[in-house]
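Given next are two forms of a protein chain, the same chain in both, each as structure tokens and marked structure 1 or structure 2.
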Structure 1
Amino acid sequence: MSKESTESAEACQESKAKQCHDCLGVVFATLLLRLWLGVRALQTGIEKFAGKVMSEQAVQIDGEAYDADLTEVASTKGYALDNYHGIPESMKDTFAGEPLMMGWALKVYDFVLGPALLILGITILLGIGSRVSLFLLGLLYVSLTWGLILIKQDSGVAWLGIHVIMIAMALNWSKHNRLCILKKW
């Protein structure tokens, strides 16, 4: 083997090792990003089912319960299907007053938002059709952004903008996505 070819083989091996080293970093970065976006969507969806469970530990005055409605804490957090609220109650009227917001669309969105976040969170975490799931999540965030623009919640718009940038990064690195149940789509 000539000296040149030996050097070339070594350079090639070195390049491969470097590529592999870089690749591992991108794979980890992609996994972390997927994990973050999945957890963010899933837990946000779960929180749509959160509500209050009223406390029953009455305040004791002179060793006796004073009034059943006067308790040590007002409520604790609990989850139930009955608690479901896609759009927070306090924001529904604000949205309903917006000329560009269709009433029917608001109802559909209210119904769909929580389940959509839950499903997309799960598919992103498990790697089921990751690219389509990420794209749909991005669309969901764009729709939320539109709503917040209407009611002038600029900080929320900026916050969602960061989410969309993260989704774009995850899509850009999708070829490095590993540990997927369904790689197609």
Structure 2
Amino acid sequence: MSKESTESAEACQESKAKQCHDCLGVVFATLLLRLWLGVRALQTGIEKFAGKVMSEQAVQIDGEAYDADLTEVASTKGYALDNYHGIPESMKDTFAGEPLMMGWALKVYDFVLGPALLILGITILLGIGSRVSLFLLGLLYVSLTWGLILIKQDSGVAWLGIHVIMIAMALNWSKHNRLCILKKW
């Protein structure tokens, strides 16, 4: 083997080692993006089932009721199917008052939003059709952005814009996506 071919082979190995080193960083970045986006969607979907449970108890001093008529109200957060609200109650009237907001779309969103976020969060976390799941989550965020633009919630629009940029980054790096159950889509 000549000296030139040996040097060429060493240069090739160094190049491959450098590519592998760079590739590992992109793999970790892709995994972190996928985890963040999946957890964000999953927890947002779970929060659609959150509600408050109010309780009224007698005020106690030294472990005994001070006065049966003197009570305190406490609330605790709980999750149940009965608490489900796709669109928060406080925003329903605002959306309904918008002339460009279609009434049927509000009903669809109110029914579908929570389950859609749960399903997309799980599929992104597990890597089931990651690219399709990320694309659908991006479309969902774009549609939510449209609604927030209508009611002039500029901070929410900015946050969703950041989410869409993160999804675009994850899609751009999808060839480096690892730990997937179904990688094809």
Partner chain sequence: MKRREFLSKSGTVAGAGLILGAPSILKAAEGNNNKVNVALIGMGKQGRVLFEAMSNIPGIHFQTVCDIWDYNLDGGAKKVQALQGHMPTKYTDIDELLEKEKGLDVAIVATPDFWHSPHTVKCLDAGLHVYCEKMMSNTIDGARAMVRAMERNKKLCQIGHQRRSNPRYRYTLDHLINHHKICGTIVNINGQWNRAVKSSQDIKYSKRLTIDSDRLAKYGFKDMHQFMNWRFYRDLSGGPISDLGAHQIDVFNWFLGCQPKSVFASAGNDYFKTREHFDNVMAIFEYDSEQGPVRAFYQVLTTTSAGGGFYESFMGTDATIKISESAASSSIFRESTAPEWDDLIQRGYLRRKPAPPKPEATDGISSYASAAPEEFTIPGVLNKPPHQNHLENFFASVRGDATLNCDARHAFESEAPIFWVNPSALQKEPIIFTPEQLQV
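Each residue is numbered by where it sits in the sequence of structure 1, with counting from 1. In this text the structure is predicted, and so the values were computed from the model without any measurement. Take the two forms, superpose them, and find the largest set of C-alpha atoms that agree within 1.5 Å; that set is the rigid core.
Only structure 1 is derived from the form predicted in complex with its partner chain. Once both forms are overlaid on the rigid core, the distance between the two CA positions of E98 between the two structures is under 2 angstroms. A displacement of less than 2 angstroms separates the C-alpha positions of E89 between the two structures, with the rigid core held in common. Once the rigid core is used as the reference frame, the Cα position of V73 differs between the two structures by 2 Å or more.
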